[in-house]
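The chain below stands alone and is given in structure tokens; this is the form predicted alone.
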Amino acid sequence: MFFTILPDERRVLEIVGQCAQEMDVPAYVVGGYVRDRLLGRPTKDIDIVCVGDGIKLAEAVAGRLSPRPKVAVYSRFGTAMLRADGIEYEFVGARRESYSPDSRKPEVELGTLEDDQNRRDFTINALAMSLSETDFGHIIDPFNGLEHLEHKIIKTPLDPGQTFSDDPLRMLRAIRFSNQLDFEIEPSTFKGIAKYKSRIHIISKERITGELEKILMTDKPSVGFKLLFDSGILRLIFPEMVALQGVEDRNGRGHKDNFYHTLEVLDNLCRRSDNIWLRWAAVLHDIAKPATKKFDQEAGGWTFHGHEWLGAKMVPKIFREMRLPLDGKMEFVQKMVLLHLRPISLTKEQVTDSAVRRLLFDAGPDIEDLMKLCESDITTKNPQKMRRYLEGYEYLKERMALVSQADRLRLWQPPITGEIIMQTFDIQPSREVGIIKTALREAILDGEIENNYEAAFQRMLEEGEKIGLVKKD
């Protein structure tokens, strides 16, 4: 494999090597930088391990750089970090680690380079590059990591049981790297994941979700989710998604496997958008199907009535459990789940302007994202059906563009506010204000009046009169 060190990186690394030699503390680049350079992938950080005091080495290196960078010291972890030419360099002394059964936080003591490589998660991350003047750039590879890189294999450097039991987050990292790099997890390593999966319970929800989101942001997340499912980990960290799996047959009528359908939708969406919250919406769009599944004896088929409504109600609970934000991002996902059936229903009937207005009003500025999700939800293998669905969506898009006031409806603000209603009828905040506002909104969406102040004001007077309100002189 060909190893390329960019000029700016070489300049800094040579200074690291010089300082390390003067301090008599051998230094090496380890882990992700070596792996990614060999794979031709970009990198934003470089980990330096020295057999000595990493913090002192960082200070010495900073003194040789111009302009001198600030050194951030993390005494608790024995690490230091500086930034040069847009790259973060993290310094640490080589160490040996030991773990207690109920924690992924190790007891740490000084060690050798060999000790430091032993504690790495995978062989491809245990590669080290010497910074010594005599053999600068030489790769130290005790676990055949170079061979595993070449053959695209994820394997633990030590016995999988020890590696995963020490730090169970490594099980998720194995699956994430497999997904990101398009590597295979070596069989004994994957068996180790399945065997030690219950250890994942000592990992914080935040760290688990962080790995899930890295999988979610790959080009084809279904690969990672299938590995999570096959290993048994997904059932422990995301049981609601596992509940989607399976096909029930009754009277010779079965429904599709909603777990694998969800993965297809997710992969389809990833070709259309890199918005992580829209990707979460793809994961959750059918999450309530298990709870709403019923067999309709008369129709002779399966139904999932109301799954979009119940699914939207489930989103906040899932976000709380996964330590995801409970702000507008969560509300966006809720909206997508709630509305994901609306556009397809409008392609199956004679579309009225009123129905289009209501879709634009309910989706607001997120209508394009909703349409991407709906188009991704087409997973039929029948080419004629696929073409018919896509043509229906194209027609709906044309209708949305043609509907009067479409752009204003996407960011709709009522032309008559609650304040205007109260001033006009000389009333305080009350149920009557809400009644009039609702009536105005419905009249505009139904196309009974135009979306402007004059038409809305006249309708406001009429609605006020209906409920016994009199305009103030």
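When you see a residue number, it is the position in the sequence shown, counting from 1. Predicted, not measured: the structure shown is a model, and the values here were computed from it.
There is also a form predicted in complex with a small molecule; it is not shown, and the following applies to it.
In terms of contact with the small molecule in the model of the complex, the residue from 156, 125, 258, 231 that brings a heavy atom within 4.5 Å is 125.
Site annotation in the model of the complex: the residue of 377, 167, 308, 369 reaching within 4.5 Å of the small molecule with a heavy atom is 167. Among residues of the shown chain, residue 64 is not one whose heavy atoms approach the small molecule to within 4.5 Å in the model of the complex. Not displayed here, the small molecule is approached by residue 31 to within 4.5 Å at the level of heavy atoms in the model of the complex. For residue 183, no non-hydrogen atom is located within 4.5 Å of the small molecule in the model of the complex, even though that partner is not displayed. Residue contact with the small molecule in the model of the complex: residue 44 places a heavy atom within 4.5 Å of it.
Heavy atoms within 4.5 Å of the small molecule in the model of the complex are found in one stretch of 175-183, 143-151, 232-240, 299-307, which is 175-183.
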